[in-house]
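Only one chain is given next, in structure tokens, and it is the form predicted on its own.
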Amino acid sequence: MERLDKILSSQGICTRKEAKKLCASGGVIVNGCTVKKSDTKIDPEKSEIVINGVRLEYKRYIYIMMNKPSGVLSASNDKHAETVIDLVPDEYKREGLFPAGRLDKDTTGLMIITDDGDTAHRMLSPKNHVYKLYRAELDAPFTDKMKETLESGITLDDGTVYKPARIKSVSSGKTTVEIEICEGKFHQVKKMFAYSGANVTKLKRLAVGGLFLDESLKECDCRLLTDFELGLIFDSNNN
């Protein structure tokens, strides 16, 4: 059972303060009865909630696919810079949204935004082996020696250990490489390539597990994930 104002806020209908006014005005009907008090507790998954004549399609959690642009922080909020949460359309906004994992400010591509902490942890934990696929553009040709280094795993001078990566493809000019990693350490892909002998000039995340970025999404755009797409993240056949 949850308070009605919390439910309405979680679904992006209104703030808790606004919910109090909405209920008092008679705009909220639960199971056929007008509810005047916003602190009334109900089961949102078993109750029919109608807001100003429109039935609420309750979702316990929300999962959003975004095509992250360069120059935007992978953070819930920041006083000095635009974040991915700032880009979320009003119809998807709700309390507790956060980016599931981080992309560097200048890295683009697939970003998953949610309010489901358990699913995010499952997706990000290295022990679950959910690989993330990136396309890296390099300032030097990719060599067999670099491939061997990346696929063997790397230990930096400061003791940081990176698990073996998987090289998926190399362009004919050998300056664009698609690489998979199952970790998400700070600047990891860039540091791994730098250690192997090339600098990353441009980086884009293409996939998480078996979920690929919807190429019809322009940068800054986002849409909801389907249940099927959410399952693709954890499909072991794609990892």
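Numbering starts at 1 and follows the sequence shown. All values reported here derive from a predicted model rather than from experimental measurement.
Omitted from view is the form predicted in complex with a small molecule, to which the following refers.
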property: Heavy atom within 4.5 Å of the small molecule in the predicted bound form - the one residue of 36, 60, 46, 187 that qualifies; result: 187
property: In the predicted bound form, the one of 104, 151, 116, 86 near the small molecule [non-hydrogen atom within 4.5 angstroms]; result: 104
property: Stretch in contact, per heavy atom within 4.5 angstroms of the small molecule in the predicted bound form, of 104 to 112, 89 to 97, 76 to 84, 140 to 148; result: 104 to 112
property: Partner proximity in the predicted bound form: residue 203 to the small molecule, non-hydrogen atom cutoff 4.5 Å; result: yes
